[in-house]
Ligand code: ASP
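Just the one chain here, the form predicted on its own, laid out as C-alpha cells.
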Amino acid sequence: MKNILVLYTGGTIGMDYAEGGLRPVPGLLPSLLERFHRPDLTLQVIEYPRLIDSSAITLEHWQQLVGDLVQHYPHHDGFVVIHGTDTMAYTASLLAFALPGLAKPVVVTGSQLPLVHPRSDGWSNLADALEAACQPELNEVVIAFDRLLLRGSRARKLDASGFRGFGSPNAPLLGEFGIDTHWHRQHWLAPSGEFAPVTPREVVVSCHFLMPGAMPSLIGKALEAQATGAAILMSYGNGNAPEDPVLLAGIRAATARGIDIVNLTQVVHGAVEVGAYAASGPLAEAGVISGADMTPEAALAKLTVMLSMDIDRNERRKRLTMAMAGEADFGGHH
C-alpha cells in the first residue's frame, strides 16, 4: 500500500469556466481525484485555502510548500504537487534545492486544459504523477507532464499552446509514459546525505537580459546600485558579452560588495563555456561565475536557497560551481 500526499496549490487543472475566463473552484479537484481510487493506493489531498494562478506565486507560497512537505515527509511514501504551468519550473527548481537529501519522490504536475474540458491533458498528467510518486527509488523533485518525466531543476516551460508544455533541453528524460512505462533509472539521482530542508528567505536575486544597444551599460549601472543578494546575467551564446566599460565596472563593484553574479546563456540548448570565445574572458576576470548549462529557473532557485543558508561567501561560491541537485553539468565549463 502506497501512501501519497497531494498538495493542491491551484492552476488551470482545477479551474472551471466562469464570466471573465477560467477561475479556480474550491473543492472541485479533490472530488475529481476520487476517480484515481485504487486498492493499493491511499491518497490524502490538501487543498490550499487560496488557490492561485501560478503567475501570482510568491516567496510565502514557496515557504508554505516547503513547510508542508517537511511536516508530512515522515508519514508518506511520495508527494504530488499540483501547480499552474506558468511558474511550475521555478517551483520545481526551488523545491529541488530546498529539500537536499530527499529520499522520496516529489512530483510536480498540472495541465494546459482544465479537467472539466473534454480534451483535458490533466487526467493523464495526474495519472503519470501518481505513478511516479509511487517509485521508491526516485529520490528527487520531478515534473510529470505530457507523458514525460523531467528533472525539476532542469525543466523549462517551452510551449504555452501545445500539450508538450515542458522539456529539459540540456538533460535526459527520467521517464516516458506509454502503454508501458519506461523509467530511465540510470539518470535518476542517488540520495545524498541526511534530509536537511532549507526554508527560503526574503532575498534579492536580480536578472539581467543582455541585448545590443544601451542594455550593457544599463545592466552595469543596475549592478553598481544593487546593495545585497545575487544576480543572474543572461549573456549571448557560450557566455559572451561586449567589453562595455560600464558593464564591467558594475560587475566588479557588485562582486566586491559580496554580490555573486552567475552567467547563463540566453540560448535554450547549450552552456556557458568560459574560454570558448575571447568575449567571455572579461566577464570571468570581473568576477562572474559560470552557470554552465543551468536554466534561469534553476539559477534563481539555487541562489535563493544558497542566500537563505548560513554559509560564508567562499562556501557559497564553491557550491555555485558544483551540481547540488543535478541542475547542471559543470564539467569543463568553469
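Treat the numbers as computed from the prediction; the structure is a model and nothing was measured. One rule holds for the numbers: they count along the sequence shown, beginning at 1.
Another form, the form predicted in complex with the named molecule, is not on view; read the next lines as being about it.
Task: 4.5 Å heavy atom contact, Q112 to the named molecule in the model of the complex - done: Judged by the heavy-atom cut-off of 4.5 Å, Q112 is in contact with the named molecule in the model of the complex.
- [ ] Using the partner position in the model of the complex, report whether S55 sits within 4.5 Å of the named molecule, counting heavy atoms only.
- [x] Output for S55 is yes: heavy atoms within 4.5 Å of the named molecule.
Open item on the list: How about G84 - does it come within 4.5 Å of the named molecule in the model of the complex, if we only consider non-hydrogen atoms?
Closed with: G84: contacts the named molecule in the model of the complex.
- [ ] Given that the partner is absent here, state which listed stretch (84-92, 256-264, 180-188, 216-224) has heavy atoms within 4.5 Å of the named molecule in the model of the complex.
- [x] Correct option: 84-92.
Open item on the list: Within 4.5 Å of the named molecule in the model of the complex, counting any non-hydrogen atom, which residues from 11-37 show up?
Closed with: Heavy-atom contacts to the named molecule in the model of the complex: G11, T12, M15.
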